[in-house]
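Shown here is one chain on its own, the form predicted alone, set out as structure tokens.
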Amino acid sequence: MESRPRPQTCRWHTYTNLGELSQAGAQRILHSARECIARSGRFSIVLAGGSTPRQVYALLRTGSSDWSRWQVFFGDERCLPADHAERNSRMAAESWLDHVAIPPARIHPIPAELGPQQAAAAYAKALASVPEFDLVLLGLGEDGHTASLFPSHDWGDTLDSPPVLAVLDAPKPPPQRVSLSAARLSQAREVVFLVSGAGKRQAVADWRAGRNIPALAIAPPGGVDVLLDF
């Protein structure tokens, strides 16, 4: 039998609107960066895609940090051309990364334009030098998915799962994607979910009830923090 990771520990934080949630998220990221840079001289972060993090990234654009010490990765990506408007990497670049002094060599987009299998293999090599992330940002879909880990699909949540998954048949377009596995996303000092919108209420209720949705599979040693605006 395959070994599964530890049960998830959750801490829930509720805000009155997306603006407050975004402020709290941005402040938390900058605080984590300061602590990690003071302790180890570097800070590694995994970025979430989708619409909710966009406002957080815009706030980070005006924040203060020793950007030269950052190393940026992505939790998932759509298999689209590198400059496509729906790429997570493009959204993060336009909202934030193009406007701060993080060295380009320390920003690591998923090369999803190569196709899911080749991109997954390449990104697994890129992650090999970072055994544990300092901070992982994640979102939540109305169906309970996170990154590109969808219900009724492989989440990569066993201890022997590969670090990066090729997703061939995602239930929302585009069907071909690349995603860090649940096991790899769980190798982090901090994990923060950013969850906005009334359409996510049922997914959050399922999550709180312990129903087996993809978000429940992210189980770092220190637990996860969920920032909600409802």
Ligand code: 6PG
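These figures come from a predicted structure and were not determined experimentally. So that there is no doubt, residue numbering starts at 1 and follows the sequence shown.
Heads up, the form predicted together with the ligand isn't pictured, but that's what we're talking about next.
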Which one, Ala120, Cys79, Ala92, Leu140, lies within 4.5 Å of the ligand in the predicted complex by heavy atoms?
Leu140
Any chance Arg28, Gln55 and Val136 all have a heavy atom within 4.5 Å of the ligand in the predicted complex?
no
I'd like to check something about Lys172: if you look in the predicted complex, is any of its heavy atoms closer than or equal to 4.5 Å to a heavy atom of the ligand?
yes
Interface membership of Lys200, the ligand in the predicted complex, 4.5 Å heavy atom rule
yes
Using heavy atoms and a 4.5 Å limit, would one call Pro163 a contact residue for the ligand in the predicted complex?
no
Any chance Ser51 has a heavy atom within 4.5 Å of the ligand in the predicted complex?
yes
Pick the stretch from 71-79, 125-133, 151-159, 101-109 whose residues have a heavy atom within 4.5 Å of the ligand in the predicted complex.
71-79
